[in-house]
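There is one chain below, alone, in structure tokens, taken in the form predicted alone.
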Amino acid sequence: MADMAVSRFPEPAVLDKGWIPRGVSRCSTAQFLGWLSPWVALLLLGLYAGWMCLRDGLYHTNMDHRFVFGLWIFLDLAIIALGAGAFFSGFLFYILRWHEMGAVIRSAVVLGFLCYSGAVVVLMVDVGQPLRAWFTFWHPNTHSMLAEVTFCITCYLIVLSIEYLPLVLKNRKLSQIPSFLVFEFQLHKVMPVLAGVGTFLSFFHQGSLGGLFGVMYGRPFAYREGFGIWPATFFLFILSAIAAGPAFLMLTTWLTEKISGHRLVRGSVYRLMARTSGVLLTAYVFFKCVDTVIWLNSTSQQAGFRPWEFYAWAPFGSWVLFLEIVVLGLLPALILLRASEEGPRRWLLCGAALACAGIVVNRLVFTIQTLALPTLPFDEFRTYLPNWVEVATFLGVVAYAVIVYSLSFRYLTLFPQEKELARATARGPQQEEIHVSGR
């Protein structure tokens, strides 16, 4: 990222040019280091805040017995949902053979690896006992959905690491080592198998994260009826994740284009991702509405609560429900479906941004609003705001993701169409129009 576009002006001096993929241009080393500097500073601040929690305990945070996970669990669920673009893109490309997804599949793998590894790091701080993390694997609670989530997330992170490794080995310098080249070739053969395993693992842990809230009998706001042992939230979390994944992939690709100044994928790839996200988001909004109607008229009343009681405390008024379902659900679905057929790219990106925001709001509702609401006659409504330690720790994870993605974009081939589009740009606007559109 932060790379200058291919233009008529001379390319700035790049000291590490031998490591940069052939056929693309990148900014000078000094410019790249200048781009990384603030993110490195933010990462160091996050490491310091995380070390405070690991050294002295979680009393540095604003978390308590009611909000035992606080900001971190909400953001963990959000970034894991947004990172679903990795396994879903792999499913579309390797299993369903949507070859056009090959233009972004490598970027999706990197984003998935960053989302899941960042979530694991935050959870390590959130649990507060990293030295006992192995208890989860050696002494698992077989009746807990968290045990299944832990195993699936860990296994899928291993799968993502294996999928990320061939991208690294394809580096211009590393590929000159024969053993690395042979190893990368062998890994490439098993990518469809890894994509299938990753899809299986991700479907189950995304669903279990939702099912975890759906079986909370003591929290009628989150509790849901369902099918057999699976509450409705199990399926809604899966559907919302695979709907938001392509939208998040669209946004990150566009941001990389804007920051670097390069065209990375064709417009048809954007339209394909928008149409996929729009169809899935429409299905999610429909089932979400059905689930909400059943909860309003049956589930909450059977628990002894009138539905409006859950929205009687500020800032969680009924507007939150309208915002989640209509403004950040139905509206982006219609925008993505409409703009995928015709219309400028800005409408695609607007719909994608709204869709991602809707998933974030949904995870906020389930993690923060659920715990804030009283459930007993003598209980009281309690609010929660994170302090600087919690915010700095998570921003450190964001900085880590930006740094690793920037290095990957600079030294690895994340977007195979970049070289082709650069040559088309060099031929001129008219030739580029003919080449890209195929007319």
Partner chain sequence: MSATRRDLLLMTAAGAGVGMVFTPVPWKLLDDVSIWTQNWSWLPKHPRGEITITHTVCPLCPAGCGMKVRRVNEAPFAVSSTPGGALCARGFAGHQLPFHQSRLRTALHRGKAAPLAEALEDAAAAVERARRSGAVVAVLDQRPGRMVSVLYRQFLAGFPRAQYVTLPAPEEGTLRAVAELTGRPPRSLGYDFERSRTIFSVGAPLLDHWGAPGRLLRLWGAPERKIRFWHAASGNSRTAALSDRWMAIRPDSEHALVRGLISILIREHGAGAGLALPASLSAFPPEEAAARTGVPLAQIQELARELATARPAVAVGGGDPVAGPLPAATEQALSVLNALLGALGTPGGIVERRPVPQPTLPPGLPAETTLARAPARSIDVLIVDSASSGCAWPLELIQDKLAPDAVTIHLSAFRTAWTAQATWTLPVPAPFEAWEEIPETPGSRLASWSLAKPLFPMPEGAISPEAVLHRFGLPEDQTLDALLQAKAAAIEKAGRGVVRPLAEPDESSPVGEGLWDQLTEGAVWVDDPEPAPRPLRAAIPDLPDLPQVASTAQFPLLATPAGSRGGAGSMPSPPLASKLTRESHLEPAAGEVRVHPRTAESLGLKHRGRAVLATPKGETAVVVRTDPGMADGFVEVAIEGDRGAETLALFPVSRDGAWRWSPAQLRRA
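Numbering follows the first chain given and starts at 1. Because the structure is predicted, anything quoted here is derived from the model rather than measured.
Unshown form predicted together with its partner chain; subsequent notes refer to it.
- Taking non-hydrogen atoms only, I95 never approaches its partner chain to within 4.5 angstroms in the model of the complex.
- In the model of the complex, its partner chain stays beyond 4.5 Å of every heavy atom belonging to L334.
- Although the partner is absent from this view, V293 stays clear of its partner chain in the model of the complex, with no non-hydrogen atom inside 4.5 angstroms.
- Interface membership of H99, defined by any non-hydrogen atom within 4.5 Å of its partner chain in the model of the complex, is ruled out.
- Stretch-level contact check against its partner chain in the model of the complex with heavy atoms at 4.5 Å: of 81-89, 323-331, 123-131, 272-280, the positive one is 123-131.
- Residues from 36-63 do not approach its partner chain in the model of the complex: none has a non-hydrogen atom within 4.5 Å of it.
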